[in-house]
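As a starting point, one isolated chain is supplied in structure tokens, in the form predicted on its own.
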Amino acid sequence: MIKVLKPGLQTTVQDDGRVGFYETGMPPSGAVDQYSYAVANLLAGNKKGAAVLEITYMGPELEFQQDATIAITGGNIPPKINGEAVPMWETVKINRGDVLSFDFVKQGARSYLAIAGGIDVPVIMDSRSTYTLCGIGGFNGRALQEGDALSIGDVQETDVKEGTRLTEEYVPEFSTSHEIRVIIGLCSYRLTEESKQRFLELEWTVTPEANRVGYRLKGERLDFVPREQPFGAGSNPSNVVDLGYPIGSIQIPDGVEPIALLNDAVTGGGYATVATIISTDLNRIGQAKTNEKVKFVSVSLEEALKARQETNRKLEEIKNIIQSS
């Protein structure tokens, strides 16, 4: 059991997502940075899909009421046990009665705390992830609050040795400037050629409206090709007849402040989606903070798939390294 002494700014239970219900309007939720999430579970000795805590900006203070093995990855958020600094990206032992606390995040935006056995909350629609907009999943469908008590699942894999650590090549670098790869479409034809080019040339600024639903970005107005709007599309040039929104799709309501839709976003609507962030770079956009810079880079489907294969290869290497340690 873990007692929540302080909840942090936004700490939720997440796993690898609620997959398979998109057509019913249910987004996947799950860890925004799937790479950091997966590595945390590997270092904690968990099986794929175990639930962790996703920590945003400011970490919680947690009292462990049993011995446990933990790992902390993602954005640099200096952790401490009983006031003493402990490393990230490493397997760490924590004892009954110990208090785990965190500083503010230094680089990146989100960190992940995995505990051997996983966070034990009910499985809803094949996932333990929290979807706060509907109040389902995770711990009572919400972010953690002071006084909450989290159960730890049965520990089945505890072979990872304390001090098991990854080399730097497997640890992402978090900066204040983020290059995010996208595939242009689905409705990029609605932008003028000049605006399509400007979308890729501009360095966009992350606004305070940046969360698990989506990231609103500030730059300059983009123009849409004039036309007589079709029936059902609405009157604004940025409107189209309703369509599905892929995770990571970017819409530009009224041509201003693009919104990159993330794990908790609605699954469809009537705004033109001009590009979609590739799956591996959803990890990167989720680590961008308010006022940091984002630049979009157009890639092909083949390049996107190659990037995904490379990430999967790295995770497989990490798994083998940990198992052989």
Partner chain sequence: MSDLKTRYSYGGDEFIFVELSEDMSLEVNFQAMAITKKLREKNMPGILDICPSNASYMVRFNPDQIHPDELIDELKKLESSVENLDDVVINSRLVDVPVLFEDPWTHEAVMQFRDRHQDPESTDIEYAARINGYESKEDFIKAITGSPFLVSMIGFVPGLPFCFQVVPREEQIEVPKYVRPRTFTPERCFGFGGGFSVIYPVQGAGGYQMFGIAATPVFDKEQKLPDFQDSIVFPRQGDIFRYRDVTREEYDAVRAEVEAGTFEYRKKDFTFRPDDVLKDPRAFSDMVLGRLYND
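Numbering follows the first chain given and starts at 1. All values derive from a computational prediction rather than experimental measurement.
Below: the form predicted in complex with its partner chain, not depicted.
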Per contact check vs its partner chain in the predicted bound form (non-hydrogen atom within 4.5 angstroms), the hit among 147 to 155, 126 to 134, 81 to 89, 105 to 113 is 126 to 134
Of Lys218, Lys161, Arg221, Arg227, the only residue with a heavy atom within 4.5 Å of its partner chain in the predicted bound form is Arg227
With the partner omitted here, the residue among Ile247, Val99, Val171, Val121 that in the predicted bound form has a heavy atom within 4.5 Å of its partner chain is Ile247
Its partner chain in the predicted bound form reached by all of Met1, Tyr57 and Ile77, non-hydrogen atom within 4.5 Å
no
With heavy atoms only and a cut-off of 4.5 Å, decide whether Val241 touches its partner chain in the predicted bound form. yes
Contact flag, Pro258 vs its partner chain in the predicted bound form, heavy atom cut 4.5 Å: no
Is it the case that Leu315, even though its partner is missing from this view, gets within 4.5 Å of its partner chain in the predicted bound form, heavy atoms only? no
*Might Tyr271 be said to contact its partner chain in the predicted bound form, defining contact as any heavy atom within 4.5 Å?*
yes
Contacts from 185 to 205 to its partner chain in the predicted bound form (any heavy atom within 4.5 Å), listed N to C, are Gly185, Leu186, Cys187, Tyr189
